[in-house]
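Listed next as structure tokens is one chain, alone, in the form predicted on its own.
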């Protein structure tokens, strides 16, 4: 708590792609818990996506899908500010002002910039270079001190702290330092079904369970998960890919179901076909209500418009108050 008020949480949500099980257990489930205890700003990062020059005809359906899936997972637009980045015009003003405090050398050194230059040498635009400045503007606009981020974003968050400190040092104390925050829990990494790494939008699509997958597709994906001939003796250690199946089961199955298969494994009597069938049915039972709710929201454009307007209004009130302080601190007030 800060000065008797709730601490402010801010997080960006990518505006492209389909949400998957890793997104749910790694991030959204924590957002749903945060909304009960903090003042939360959750932003769909549609302007960020323009740095890679996407087909903008896809923006509207993508944004609608992302909003619908997040709400279906339990984010309550009444409790949080759930808004689109492009609807809060103060973002652009703060981004411009923070660019005066950002240096070419430090921006060129960021890991994500170097990665993007390698991947797309023909598209090294200024937006790509100053991506961390826009990200800092998103966070600092609400004077947020808590930012749920994965490991890959910690460098950008450190830069946001640097920009906040530079501003405060040069113009006066306006911004708190933002810190990584994950609700006091270890982040859950949801394993992929092919036994390599974690679930991801960009890797093997067949190894990832999406929240929009049909029941049949979920069953098909899980039945293809990597297994072997089974343990040859009691109490053998599980290979990684078998451990992964049990980890997935721990996310969606009942404790007594997990216990039964653990015991079967330890007795060297496990039937992997039965294990995967059980996991498939439990996964279907978990995903189906989310998918159906998301689909009904996604097709209700009037409701989505109302949600976006309500979220933007909340975000703009916070942003306007910050920008008033920013202009005053810099000296951009002449009357």
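Keep in mind that what you see is a predicted model, and the values were worked out from it rather than measured. Numbering follows the first chain given and starts at 1.
Keep in mind that the form predicted in complex with a small molecule is missing from the display, and what follows is about it.
A residue is said to contact a partner when one of its heavy atoms sits within 4.5 Å of a partner heavy atom; residue 153 meets this definition for the small molecule in the model of the complex. Under a 4.5 angstroms non-hydrogen atom cutoff, the small molecule in the model of the complex lacks residue 40 among its neighbouring residues. Looking at residue 147, you'd find a heavy atom of it within 4.5 angstroms of the small molecule in the model of the complex. Under a 4.5 angstroms non-hydrogen atom cutoff, the small molecule in the model of the complex has residue 14 among its neighbouring residues. The candidate spot formed by 10, 131 and 135 is fully in contact with the small molecule in the model of the complex: every one of the three has a heavy atom within 4.5 Å. Contact with the small molecule in the model of the complex, judged as any non-hydrogen atom within 4.5 angstroms, is confined among 204-212, 221-229, 249-257, 136-144 to 136-144. Here is the short version: of 294, 27, 66, 45, the single residue with a heavy atom within 4.5 Å of the small molecule in the model of the complex is 45.
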